[in-house]
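Just the one chain here, laid out as structure tokens, in the form predicted alone.
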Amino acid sequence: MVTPGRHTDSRARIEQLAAHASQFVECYGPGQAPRLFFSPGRVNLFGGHLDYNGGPVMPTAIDRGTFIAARSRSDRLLRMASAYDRQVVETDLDQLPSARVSKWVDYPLGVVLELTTQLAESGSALPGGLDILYGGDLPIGSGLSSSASICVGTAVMLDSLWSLGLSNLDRVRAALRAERHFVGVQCGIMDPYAIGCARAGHLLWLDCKDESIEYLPIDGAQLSILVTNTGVQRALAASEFNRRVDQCAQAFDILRSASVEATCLRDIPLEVLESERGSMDPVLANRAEHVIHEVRRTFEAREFLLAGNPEGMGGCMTQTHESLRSLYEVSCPELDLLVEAAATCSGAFGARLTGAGFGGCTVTLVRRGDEDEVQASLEARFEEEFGRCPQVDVFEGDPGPREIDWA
């Protein structure tokens, strides 16, 4: 696992963080220079909606993410602001809110609450206040896990400034609990693991049933990961995501009686689903069918990756998108168009929506050297259909959340 620390970052990244430090001073005034942290986003290639069903997933961290500038205070005041609006949210560490305020600040606030509660329960001395400014270059609400990027990055920053001595998994789990218990999103474990346990040049194989991980190398000399942002804001993502979680839980409750050794939906054999389908709500049966087939596809994609077969990997991606569209019902016309367009590009091996869906981004596996051709084709098809040009980027891998030495 990657231990947060000072890695060799590009001059461009350091300049971005230095500019963020300047914004910090504009927001909070002069004083001791803030410490700077970077927390990547993630893109998931395989295992769509499997993490909360106990299945395997194959995400990777990307070189876009969250910027955090933080400075210690001599009192117990916690001040947080976003570089996008500079509105400072203030709270006392001795009187942290017990309920969310339905703003972006809920995510870092949830992490603060988790870690200060742990300190209080252990009898440890409570830390001092902080001034914190968040920013970054990760599109918000695009399906690239901006929320987990903020939460894991906050855990890394607090661990460092408060000298908490947390392990990698401590930080990941604090971020996960913040999203589940404070923000109220019933997310699986993939996003914080993908970010907090990242390794550049690798996909993370995460078995969400037992939380075991492996690092699978991806050949960057042969393959590129191209992400296309539809610009469709995922207004329904939170509520519909929780609905899918509930539907899968209902399906498992029905099917487990016919598969007594199963501990999660991932364990249900296809023949059990087929034998029980007639007595199930068709929507619940469709959700279960997606999960069962997606588990198989993800194991197949792993074998294709290890065998150096990008065509096979791409085929799995495109099949996944069709399943997410028809059985899981989390796609939209813009996402579908981009996947269809990728299928006509000779340099693209396959594509699918990434993240929860309902808008956001597609991820396309592309032959290295063909990125410009694929990008031009996707942009042309999308603009012809929807009258605007999507944002298309080639993302590199990232080693995970860390403090940046910018001085």
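Remember, predicted model here, so these are calculated numbers, not experimental data. Start at 1 with the first residue shown and count on from there.
What comes next is about the form predicted in complex with a small molecule, which is not displayed.
**Prompt:** Pick from 28 to 36, 359 to 367, 49 to 57, 376 to 384: which stretch has non-hydrogen atoms within 4.5 Å of the small molecule in the predicted bound form?
**Reply:** Selected range: 49 to 57.
**Request:** Consider the chain as shown here, without its partner, and state which of C187, L109, L226, A285 has a heavy atom within 4.5 Å of the small molecule in the predicted bound form.
**Result:** For this set of options, the contacting one is C187.
**Message:** Under a 4.5 angstroms heavy atom criterion, identify the one residue in F241, Y134, F252, W205 near the small molecule in the predicted bound form.
**Reply:** When the small molecule is considered in the predicted bound form, the option within 4.5 Å is F241.
**Non-hydrogen atom contact G355 with the small molecule in the predicted bound form at 4.5 angstroms** = Taking the distances in the predicted bound form, the answer for G355 is yes, it comes within 4.5 Å of the small molecule.
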